[in-house]
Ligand code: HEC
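For reference, the chain that follows is the form predicted on its own, supplied as structure tokens.
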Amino acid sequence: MNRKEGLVFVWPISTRIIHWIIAISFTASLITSFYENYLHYHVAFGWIFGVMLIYRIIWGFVGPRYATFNTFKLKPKDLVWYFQEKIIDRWRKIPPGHNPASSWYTILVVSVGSVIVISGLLLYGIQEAKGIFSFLNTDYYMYMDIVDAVHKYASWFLASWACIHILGVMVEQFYHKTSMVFAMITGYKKSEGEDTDVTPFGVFASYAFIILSVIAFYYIVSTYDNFFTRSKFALINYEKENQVYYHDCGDCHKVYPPFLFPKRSWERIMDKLDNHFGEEITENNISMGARESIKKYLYANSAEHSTREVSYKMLKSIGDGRPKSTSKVMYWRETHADIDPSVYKRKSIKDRSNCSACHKDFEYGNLDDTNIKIPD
């Protein structure tokens, strides 16, 4: 017996909440992906999206009526007829569960969404050297561009279909007058059929996943050093690693991480100390013995010997060149393209080469996206 005449109770409240969590977490992940200093939140929303997808897959096998995969209409002829009927009969009856279009869309979300989550976790580990797959950075860092492409294109593909899905819901709502928008709010659809019921265990499991996602989100964003976001790269104490480099070079400017440049760039810089960015460095400033010590340290720790994202991308961007300044490298220009040139003239920055002004802990070799803050 139906609870309301002319309506079928299709979506329990737990299902509706999780539906919106999936939609919101994916949208939030997509938006935060445009802001490098929001990477932490991007990862947190991505984890929620992944947890909810796991729930939806499980629900597709053990869930209530209308939620299981065996009730989906996946035959191509049914999909063709669905669109034909929409044109032929504006007032046709709609099924209580998934129609052919929403059936295919749900499968698309689950499958492509899984690709997005898995590629995102792999990318976070390989490129950023963070998270549960950070150990992969050492041997697979050179594949970060491939994994990045899979992650981005899959995300945009799903985002495009999400827009098509929303358009379809709007057509149902305003043209066919089926109140489709409110179905995922109230749980009721204008249709014929039996109301759905959820077992007590099903209710418990649903809310358990919801609570789990909230806890995971809070845990991830509460600290930068946790199981989900911990980096394999520790802060580098350059004074401890090479006191000569730290003190002799650091007397005039904050030390630059050696992994920023290839060996040939450091050779060019160290061999032209008589004109070091407009300054003459003499033996009174840095002795010949100190220079040799600095050279050996820079060469041994140059970009060729690092698996960090910035090292890999700087090398790829530089090609056969040997620039002396990071701001002359195309990779640097691309990553800083959205910054207004006037920002570099601020007293707190003064120059494009002052990386430490915006990158917290730059002098410790930390160039994490989450540590970027442009000073006033």
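Just so we're clear, the structure is a prediction, and the values are computed from it rather than from any experiment. So that there is no doubt, residue numbering starts at 1 and follows the sequence shown.
Missing here is the form predicted in complex with the ligand; even so, the following discussion is about that form.
Among 190, 276, 232, 165, the residue placing a heavy atom within 4.5 Å of the ligand in the predicted bound form is 276. With the partner removed from view, the residue among 32, 68, 335, 317 that has a non-hydrogen atom within 4.5 Å of the ligand in the predicted bound form turns out to be 335. Against the ligand in the predicted bound form, the set 36, 326 and 349 is in full contact: each member has a heavy atom within 4.5 Å. Within 4.5 Å of any heavy atom of the ligand in the predicted bound form lies no heavy atom of residue 41. The ligand is not drawn, but in the predicted bound form it has no heavy atom within 4.5 Å of residue 312. Contact check for residue 144: no non-hydrogen atom falls within 4.5 Å of the ligand in the predicted bound form. Using a 4.5 Å cutoff between non-hydrogen atoms, residue 208 does not count as a contact of the ligand in the predicted bound form.
Note on the interface: of 60-68, 22-30, 341-349, 46-54, the segment with non-hydrogen atoms within 4.5 angstroms of the ligand in the predicted bound form is 341-349. Contact annotation for 251-286: residues with any non-hydrogen atom within 4.5 angstroms of the ligand in the predicted bound form are 251, 252, 253, 256, 260, 261, 266, 269, 270, 273, 276, 277, 279, 281, 286, listed in sequence order.
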